[in-house]
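Take a look at this single chain in structure tokens; it is the form predicted on its own.
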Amino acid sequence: MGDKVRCELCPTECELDNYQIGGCRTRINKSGVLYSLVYGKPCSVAIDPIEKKPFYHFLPATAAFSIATAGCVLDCKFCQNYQISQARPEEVDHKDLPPADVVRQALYYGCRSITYTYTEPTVFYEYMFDTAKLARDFKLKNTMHTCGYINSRPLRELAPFMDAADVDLKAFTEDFYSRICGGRLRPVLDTLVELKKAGVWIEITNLVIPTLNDDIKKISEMTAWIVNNLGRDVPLHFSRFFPYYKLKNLPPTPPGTLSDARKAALDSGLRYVYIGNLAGGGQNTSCHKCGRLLVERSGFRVNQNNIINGRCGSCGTGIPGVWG
């Protein structure tokens, strides 16, 4: 009875008996002390273009040393990486890669940043924290792609070592988060506000899923919330859904739906709205003042970059982001 412990890392706050493992599959209670089962044990290590995360306003055309461990704090029915996010640590192959080795390899391969990604970095919080802190000493940037499902206290402790975060805002209803993800919307919104206050560069990704979160009225409410709470300059990426995992019964997102979502976001006042997972447009950055093409992208490749010292090369307007 006295060995029971409550995990306070994410809003689920699992209460664990002795030797019980949390819902994220990565934390265990041993005699009243929580231990990580994935520290220094990434199951996925890769060098990616930063555009893949996706970050469009953060060090374009640079390489990101990307790591992930098994586990996740949510159970999204559309997860593209469910083989590792919904797996226990012992079910996947992993490397022994302590923080110092992550930093060493990132430097060796000429990466400008380390990205904590693929699964949910909250589940390997201590590993991410120690790596990020060490990376700062070697002038490496730290970024994460996260679902934002983390409690305020650990987030506040992490934020000073995090340079950028792409947050999956999966929908704008509590019903969607409960039925499709096994979580809640409110903590994700709180995370976005907390990151903004901490000065972390934010980009947002919204996967548009037919019949589940593609209502344009709700999308307009979401984008209005972003403008009112985070500002007009937060890049928003609408991403195309493809049938996967537990949602193979649904069709891919029609291109027209993505175009309508982008228009709704622009009408709400957002200045930088992109479309991902769809070839042929919606990936370029233009100056919000003069309209000049600034960053031209093809997939994850940058073809041209006309941003000079953080400003439009034509009219000199400051372009929000981290450019060099």
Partner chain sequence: MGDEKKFRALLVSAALLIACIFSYNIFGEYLRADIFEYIKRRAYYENVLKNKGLDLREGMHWRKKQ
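Numbering follows the first chain given and starts at 1. Source: prediction; values computed, not measured.
Below: the form predicted in complex with the partner chain, not depicted.
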Contact check for Tyr19, Leu34 and Arg88 against the partner chain in the predicted complex, heavy atom at 4.5 Å: yes
The partner chain in the predicted complex: contacting segment from 209-217, 234-242, 77-85, 150-158, heavy atom within 4.5 Å: 150-158
Contacting member of Phe172, Trp201, Tyr125, Tyr118, with respect to the partner chain in the predicted complex [4.5 Å, heavy atom]: Tyr125
Partner contact for Phe176 in the predicted complex: the partner chain, 4.5 angstroms, heavy atom: no
Non-hydrogen atom contact Arg27 with the partner chain in the predicted complex at 4.5 angstroms: yes
Close approach of Arg297 to the partner chain in the predicted complex, 4.5 Å, heavy atom: no
Asp130: touches the partner chain in the predicted complex, heavy atom cutoff 4.5 angstroms: yes
Partner contacts in the predicted complex for 37-60 (non-hydrogen atom within 4.5 angstroms of the partner chain): Leu37, Tyr39, Lys41
